[in-house]
Structures are given as structure tokens and as C-alpha cells.
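Next up is one chain by itself, shown in C-alpha cells, the form predicted alone.
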């Protein structure tokens, strides 16, 4: 079981670890894939300079699931990570939980980081899309993936996020500086929150207990907690699965065994080189996503499948706008279970797509999400301070 795929020795505190979806010029970057085994980038991510300027040292690169689309990291070419109870975990979560690093920074593609944080009792923030530069990350699903932070405490998570927020001319999706600054300066307003009942029907007893504890903490602090139905949010799972696979298919097309990446030794023609290199180097889940994404973008399916998913994205965004007109935050679980084992993965190879029921709403909408107390809070754009306020109440109510 590998936690670090590469490590900087003699690092001073405070130190953070980077998921291996973030490019570094001094350490290999693999994206958890055999395709990029030992790959060295010519440049590092924009956030590294910002972290260094803020006084954080880079401890190394953490093991991550192949291109970040799995449950918690189990599809990594370098092996799955388990905790001391034998449950699946993520390398970043284990390093933060053990105190080896102050925080972990990763690329949230399909909610793996949020699930791992919820299972390990960590605080996690996926900020508003476009407020943290994605320049220097391995692209997977560009319209929804977000550089995110996990830490043991709300204050540490908030401080690390503040150090990396900001406009970047090198990132075409980066918002103007005045918008990015809102993540740090917007006033917290936490008076009323909603629990989406339709997304709590299939959770296990441990997750339900965490949800009840969060509701009790918020209520005790004077926050109004209401349970409501909003069935439309469930459609985000299918729509994001379609968009994610289509974008992943496009993004990994660059890995063909020619310029860089794994090159098969078994080929006679250029076609065999492409086919054999990709067959050997990609894991099963990634191959499935590529095939599904390719079919989604075909002439027959582009309008009825891909375009419809884009329309559903708009419906989800409008649904959240309606909710946030009345509630300061929306609460849903981060996953259906408080722990997963390899048996769960063997029973359902595509469990990460099913579990996206809980993480896809924030991914497809680009809204900020904070995990605290084992549950997920989603706010309107630039409301990170409000979500941190809720997380602080939950933290103090443990």
C-alpha cells in the first residue's frame, strides 16, 4: 500500500501533500495510471507557487485513483489504500488523518476526495468553480473538476484554501480576481439550511447517525434545519456521468504511446501501437469511461445524450438557485455508506458512478461544497465562508 508516490525529504512544517493529479516539475506525476508511470512534467501547477509564497512546504505526491474518477482511489496502478480497519481509504486522507501533513490538495473529478473526507472525519472544501487555478493539473472532466483541500480542522482547511484562491491568466476557466476574492471576503450568513430527504433514503445507519448529529449541532446553535424534497437533484448523477465520460474520453486521447506515456513493445503498425499501448496502460474503469464517452459523442448520441445532459446541468443549477433563495446551505450525504471494502468494489465495479448520486450535484453545478461531520453542505457560488461557519458549528458540536 503506497501513500506517497514521491516524497520530498526533510520538509519543514507546515507541509501539504499534493494528489498525483497535480503536476510538479521536481517530482513525477502519474494520475494514478500506468500510462504516466514515472512521467516528469516540464512545469508545475500554478497553486504550487501560491502555496510556497504562503509558507507551505510540499511534502510530496499522494497516491490517487486513475484520473480521479473512482470511489476513493482504489483503481490506482500503484494499489488501493486501506485504513487500519481494512476499509478503503485515500492516501491523502490517511496522510492528513495521521498528522503527517497539515492538509492535502487534490483535483475533485468525481467526488472521491469528498467521500474519503466524510469516511475519515476530515474537513474538505470543493470551492466555487473557477476560483482556484486548474493550470498544471491533469485534465479529466474540465467542466466540473475543481482543485480542492482537505484538513483535520476547519481553520486549517480555510487557511490553505485562502492561499491558493485567485485569478490565473493561464487558466481559461479562471474567474476575475474580484470574483475569486469573494471566496475569502464574503460575509457568512447561516440562518437556515435544508436537508434533501430524497437523497437520504438509501444511506446506511452510520451515515444516518452522522446526519442526525449534524442536524442536532446546527439546531442547537440556533440554525433552522428543515427537511425538504427536491427530486431533480438526483438527475445530476446520470448527467454528470455522461459529461464526465465524454470529457475524459477527449482528454485522454493525447495518451497514445508516441510523444510520451506508456508505449507497448508489441506492435507492427501505428494502429497497433495506439491500441496496444492504451489497452496495456489504462485500467478497466478508465477504459469503460472512454468507451462510454466515445459512444456519447457519436453522431447518433450527441444531441439525445450529450446535449441533453448539458440541458440537465442548467436544470440542476436553476434548482439550486431556487433552494438557495430560501436556504443558506443544502445538506446531503457525501456517500451512502460510512465505509467501503474491496468486497463492495468487486460486487459493483462501477460503484463510483452510483455513489455520484451524492457528489454529482455540486460537481455538475460548479457550486462550493464543504464536508464536515461526515456529511456534505452545498452553498451558492462564493458562499464558502457560510459553509465554513456551518462546518465550525459541526466541529465544535462533536
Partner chain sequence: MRYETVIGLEVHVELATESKIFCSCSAKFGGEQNDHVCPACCGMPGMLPVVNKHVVDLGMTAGMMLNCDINRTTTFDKKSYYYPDLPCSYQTTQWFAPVAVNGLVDIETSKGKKSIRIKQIHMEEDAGKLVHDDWTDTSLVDFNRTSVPLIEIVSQPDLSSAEEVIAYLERLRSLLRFAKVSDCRMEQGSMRCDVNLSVRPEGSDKLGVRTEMKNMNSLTAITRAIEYEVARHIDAIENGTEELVQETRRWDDVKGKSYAMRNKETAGDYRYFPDPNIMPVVIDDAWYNGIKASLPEFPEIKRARYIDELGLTEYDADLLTASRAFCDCFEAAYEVCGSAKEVANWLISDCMNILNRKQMTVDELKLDGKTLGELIKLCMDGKVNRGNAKKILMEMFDSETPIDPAAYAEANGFIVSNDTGKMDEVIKAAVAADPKAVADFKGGKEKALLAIFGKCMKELKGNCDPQKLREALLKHIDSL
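Numbering follows the first chain given and starts at 1. Small disclaimer: the values here were computed from a predicted structure and weren't measured.
Beyond the structure shown, there is the form predicted in complex with the partner chain, which is absent from this document and is the topic of what follows.
The single contact residue among 178, 326, 169, 84, judged by any heavy atom lying within 4.5 Å of the partner chain in the model of the complex, is 169. The partner is absent here, but in the model of the complex a heavy atom of 254, alone among 287, 192, 308, 254, sits within 4.5 Å of the partner chain.
When the partner chain is considered in the model of the complex, residue 94 lies well away from it, no heavy atom lying within 4.5 Å. Contact annotation: residue 278 falls within 4.5 Å of the partner chain in the model of the complex, judged by heavy atom distances.
Contact annotation: residue 143 falls within 4.5 Å of the partner chain in the model of the complex, judged by heavy atom distances.
Shown alone here, residue 114 lies farther than 4.5 Å from the partner chain in the model of the complex, counting heavy atoms only. Only one segment in the set 114 to 122, 226 to 234, 256 to 264, 69 to 77 has residues whose heavy atoms sit within 4.5 Å of the partner chain in the model of the complex; it is 256 to 264. Contact annotation for the candidate site: 238, 353 and 372 all lie away from the partner chain in the model of the complex (no heavy atom within 4.5 Å). Along 370 to 396, not one residue places a heavy atom within 4.5 Å of the partner chain in the model of the complex.
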